[in-house]
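Let's start with one chain on its own, the form predicted alone, as structure tokens.
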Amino acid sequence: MARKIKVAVIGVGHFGRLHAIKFSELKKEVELVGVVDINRERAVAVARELDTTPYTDYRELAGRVDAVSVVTPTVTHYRIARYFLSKGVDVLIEKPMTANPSEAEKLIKEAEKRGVVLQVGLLERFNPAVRLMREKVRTPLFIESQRLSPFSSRALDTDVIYDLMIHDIDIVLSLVDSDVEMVDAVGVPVISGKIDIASARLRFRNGCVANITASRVSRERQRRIRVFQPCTYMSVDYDTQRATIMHLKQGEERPTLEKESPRIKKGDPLMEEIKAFVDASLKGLPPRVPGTEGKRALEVAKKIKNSIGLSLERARHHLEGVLDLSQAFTDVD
């Protein structure tokens, strides 16, 4: 009989519950030994749904698990992940990896010291349309990304940069083989007291420029990215998992644009993310999205937050009495 890994999910709110469901479906590889939530009623309800054991304290799982998924508020990520890594337990940690890059670096070192898996839950990496885009994009010159959502009370422990934009920062960094040279960003708190809408321009050392916009106060949901490179333009819709590619062709009289709509087999990015984590844990393989890449996205996110801070400071005298900026940057180290 093939070996199973014993897994628990820490934090079973909306998204954590989905993690637990996916693990429970991998019956050949996984034994879901428990779910943890400080809300006992929620832990009991999810445990009953998935026929496992509820806990309210993650420390009760010491010695009982091989791997955990951490899906708790961002400010708790470091403490919980560090506890399990120190026990030799593999960790899948949801985005953003930690509240700041210095915490992320400590987790990376702890995982290396213990020889365990540390994978970051940057979900779009497992989107089949994104996988195609990463195969097709070679020399991006300009990238435009938009991630817009209606307001929700979910994930208001952090701002829109860490909540939503972090996905697009990661994808852009994975496409551009160069260091970020300059960051210029604007953003404002609208409803939550933290930054709810932000737009950032990243300039890379190789000349590529990326414009990234994220909002959680929009009327409609949108998840799109466009990439321009010599003779090619590619557009991807993350939600529909569709892509369009425009190729410049040299005709006899003048150049023409030819449209390509590649067939993409739709997938379940969360299930693929969890399968990758389980595979890495079972086989001792490097994770598909290692802690180093989660930290790199955090470093750029922090630069964006700092740039927005400067923009708001310059405009402070115009905003006094209109916006409360006291909570906008509480999670910047």
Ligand code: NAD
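Counting begins at 1, following the sequence as shown. Source: prediction; values computed, not measured.
There is another form of this protein, the form predicted in complex with nicotinamide-adenine-dinucleotide (NAD), and it is not shown here; the text below is about that form.
Original post:
Which of these stretches, 196 to 204, 119 to 127, 242 to 250, 174 to 182, has heavy atoms within 4.5 Å of nicotinamide-adenine-dinucleotide (NAD) in the predicted complex?
Top reply: Correct option: 119 to 127.
Original post:
According to a 4.5 angstroms non-hydrogen atom cut-off, is H14 in contact with nicotinamide-adenine-dinucleotide (NAD) in the predicted complex?
Top reply: Flag for H14 set to yes.
Subject >> Distance check, E110 to nicotinamide-adenine-dinucleotide (NAD) in the predicted complex, heavy atom within 4.5 Å >> reply: So E110 does not count as contacting nicotinamide-adenine-dinucleotide (NAD).
**OP:** Mark T72 yes when one of its heavy atoms lies within 4.5 Å of a heavy atom of nicotinamide-adenine-dinucleotide (NAD) in the predicted complex, and no otherwise.
**Re:** Heavy-atom contact with nicotinamide-adenine-dinucleotide (NAD) at 4.5 Å: present for T72.
**OP:** Report whether the minimum heavy atom distance between A297 and nicotinamide-adenine-dinucleotide (NAD) in the predicted complex is within 4.5 Å.
**Re:** Judged by the heavy-atom cut-off of 4.5 Å, A297 is well away from nicotinamide-adenine-dinucleotide (NAD) in the predicted complex.
Original post:
Which residues within 36 to 60 place at least one heavy atom within 4.5 Å of nicotinamide-adenine-dinucleotide (NAD) in the predicted complex?
Top reply: Heavy-atom contacts to nicotinamide-adenine-dinucleotide (NAD) in the predicted complex: V36, D37, I38, N39, R42, Y58.
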